[in-house]
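First comes one chain, alone, set out as structure tokens in the form predicted on its own.
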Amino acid sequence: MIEVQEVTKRYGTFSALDNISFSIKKGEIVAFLGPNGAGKTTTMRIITGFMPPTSGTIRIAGFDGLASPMAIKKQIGYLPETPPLYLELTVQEYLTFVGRIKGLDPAQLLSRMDKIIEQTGLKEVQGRVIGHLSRGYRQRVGLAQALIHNPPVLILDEPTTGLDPNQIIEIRDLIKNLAGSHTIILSTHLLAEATAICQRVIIIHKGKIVAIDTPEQLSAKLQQSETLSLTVEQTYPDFALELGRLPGVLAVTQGTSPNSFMLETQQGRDIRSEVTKFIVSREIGLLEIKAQPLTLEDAFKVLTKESPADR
């Protein structure tokens, strides 16, 4: 549905994007992650036709970005980081205006507006002036304008920026419910958001794609060792030292309390049974032992870490 092939964007001698390529299948929700200045928004603007690439090709639903720019725009619903709202209009007036610009005839527009208002939870505020709405409702209106013409592709740039926790959950649920009927690429710097709603992640760093995978597989590939968290009822002076001598244990560090510990162990080796036997033999009481997988946040830190030469 979305094909980005060898796209480069230069400003003079500076390369904002350096030969990036990726594809997104129909119905997928994919997170586009990267530090500030990594090239996320530049990529979004090129995909939507807001700006051309210096080189490379973009294809949306089979249409070429340079050869058929208007055809591509009809396939896309775009929600930029700051929603393009007219604050003096009511929700209904604004969506009517947007629907007309996007070429919907009166019958289509009425039907789509009713459906989108219901879908985005705007029914109670549809007659209110947008400037009087909360940030969360304004974000819903922004999502509604992106959906009004029922595009197969949605481009969402930081859709939950500035929202409170409850509003973030509401917008995430809205986006998840669109999966399958729409192909969605979601730019975000919130890793919890990517984990919660996206099937795959694309990580960009300094204008280059550094990883494309599911959050789980990406974390598994980068994990060089296993981690166990351990909590006991009490300890003794040499307890951590003795833990570190167990076969398969690489390192032991203090946890969040005096009786909790983090054990770094050899990758692919499950030593929970050995640790449990050790605890039981010391008669100090085992409260909890569990594996700690590498998180998407951990993987992100590894992939976007700068070397001293980069600084």
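Residue positions are given as counts along the sequence shown, with the first one as 1. Quick caveat, the model's predicted, so the values are computed rather than measured.
We do not show the form predicted in complex with a small molecule, though everything after this point is about it.
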His189 near the small molecule in the predicted bound form, any heavy atom under 4.5 Å? yes
Using a 4.5 Å heavy atom cut-off, state whether Ala16 contacts the small molecule in the predicted bound form. yes
The small molecule contact at Ala38 in the predicted bound form, heavy atom, 4.5 Å: yes
Partner contact for Thr48 in the predicted bound form: the small molecule, 4.5 angstroms, heavy atom: no
Taking 4.5 angstroms as the heavy atom distance cut-off, pick the stretch from 246-254, 279-287, 40-48, 59-67 that is near the small molecule in the predicted bound form. 40-48
